[in-house]
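In the form predicted alone, a lone chain appears below as structure tokens.
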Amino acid sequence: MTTPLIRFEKVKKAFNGNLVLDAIDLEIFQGEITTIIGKSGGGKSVLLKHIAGLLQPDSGNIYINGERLATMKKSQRRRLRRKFSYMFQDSALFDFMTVGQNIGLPLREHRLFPEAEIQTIVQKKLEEFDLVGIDHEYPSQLSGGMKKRVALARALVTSPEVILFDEPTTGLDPIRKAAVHTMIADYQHRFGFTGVLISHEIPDVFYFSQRIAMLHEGKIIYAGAPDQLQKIDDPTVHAFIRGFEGRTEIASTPSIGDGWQRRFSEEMTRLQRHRVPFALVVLTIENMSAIVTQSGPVVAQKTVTQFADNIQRHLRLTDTCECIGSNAVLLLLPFTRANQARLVCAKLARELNAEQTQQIRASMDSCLAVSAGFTEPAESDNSEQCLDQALAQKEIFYKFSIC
């Protein structure tokens, strides 16, 4: 089994009697991005400061490359600190220094190279981060996104093994947040550093993090792959992630809106940036005309929304479920290929049939005959093309018997 680069073992930390870290166990692996999520004020930054050596645990142990941090000599700790770098929430650039001076600051602090060589290294970083020509400008002259890029260039100037990111997208609009996430993912891929990130940007961090750790009431209640987090049956996890997800609610009157198209655009952006596949599924109630004739249009509309509500309860946290038109429900399933989407729908069929849903049974007397159409969007597709592809590939998927 791979040895973790950083390992927390029963780490406790309290301030004024308030237990912030309660016997934390956590493993962080080399060459991966591990993102720590959790409520504000829940101890995430405290955990990060322990990794940086800015705080010491009250009890428990922290291991770096298998060596216990508490027993390291001062010389060992100094060498270790040079392998770590830190990117703060507000970028923490010095306003009285130029961009070039800010980037070169860690090299001068550690006195690693003569000044001429520092200038060469800084120039190289300016080129790598598309910052050529602004080395004599000051932070006050830069946009928020540009400041983040300068801060990351500074964090990488010493070629660290580990970079700690404390909410690096704080204060940015959604477009610039996405740009910073892409920048972190791209440069991590290029330079191979280990990243430890604190973030509230859910589900965005799921798409470029190899591991997610959730801190709740001082304990790590989940640590593992992002896609597995969505499958665990823990109401605390569900409540937290749904609260940040801001998913589109099912409308009381089904109609084609732009909610699913916005989400489609988001998933397409992630596919293009991070190569994260996703599937689009359309579930169509094929006997809707008979239901309208038998029970009336109001009952028919209620049937569709209740059907969508039942599906939503069986999906993962980052899946999207939305009514489209008068007789269909659309699903967007990230981390999912078309063949996997078929398995998802087969599982849905079994679970929904087994439930004998009381709400729908009370509102109508007919069975539901539902078809499913599947497609896996390519990078060049648009939302309407994919919807047409899914509808063109409909299969009779199951009979939802609630007679």
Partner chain sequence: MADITRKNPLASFFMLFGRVIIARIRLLGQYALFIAGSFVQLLVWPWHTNKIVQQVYFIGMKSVSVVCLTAAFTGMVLGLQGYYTLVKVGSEGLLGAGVALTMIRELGPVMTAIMITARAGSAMAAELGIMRISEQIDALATMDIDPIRFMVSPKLGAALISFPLLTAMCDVVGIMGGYLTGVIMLGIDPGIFFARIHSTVELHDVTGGFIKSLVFSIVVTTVCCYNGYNAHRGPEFGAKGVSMATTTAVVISCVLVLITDYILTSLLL
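Numbering follows the first chain given and starts at 1. What we label the rigid core is the largest C-alpha set whose atoms superpose within 1.5 Å from one form to the other. What you are looking at is a predicted structure, and each value in this text was computed from that prediction instead of being measured.
Another form exists, predicted in complex with the partner chain; not displayed. Remarks below refer to it.
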165, 211 and 222 all contacting the partner chain in the predicted bound form, non-hydrogen atom within 4.5 Å: no
Contact stretch among 187-195, 214-222, 76-84, 274-282 - heavy atom within 4.5 Å of the partner chain in the predicted bound form: 76-84
Contact of residue 49 with the partner chain in the predicted bound form (heavy atom, 4.5 Å): yes
Heavy atom of residue 54 within 4.5 Å of the partner chain in the predicted bound form: yes
Heavy atom of residue 154 within 4.5 Å of the partner chain in the predicted bound form: yes
Non-hydrogen atom contact residue 106 with the partner chain in the predicted bound form at 4.5 angstroms: yes
Partner-contacting position among 324, 321, 304, 93 - heavy atom within 4.5 Å of the partner chain in the predicted bound form: 93
Heavy atom within 4.5 Å of the partner chain in the predicted bound form - residue from 232, 97, 72, 290: 97
Post core alignment: residue 74 C-alpha displaced by 2 Å or more between the shown form and the other one: no
Per-residue C-alpha change between the shown form and the other one, residue 101, threshold 2 Å, rigid core fit: yes
Residue 147 C-alpha relocation of at least 2 Å between the shown form and the other one, rigid core basis: yes
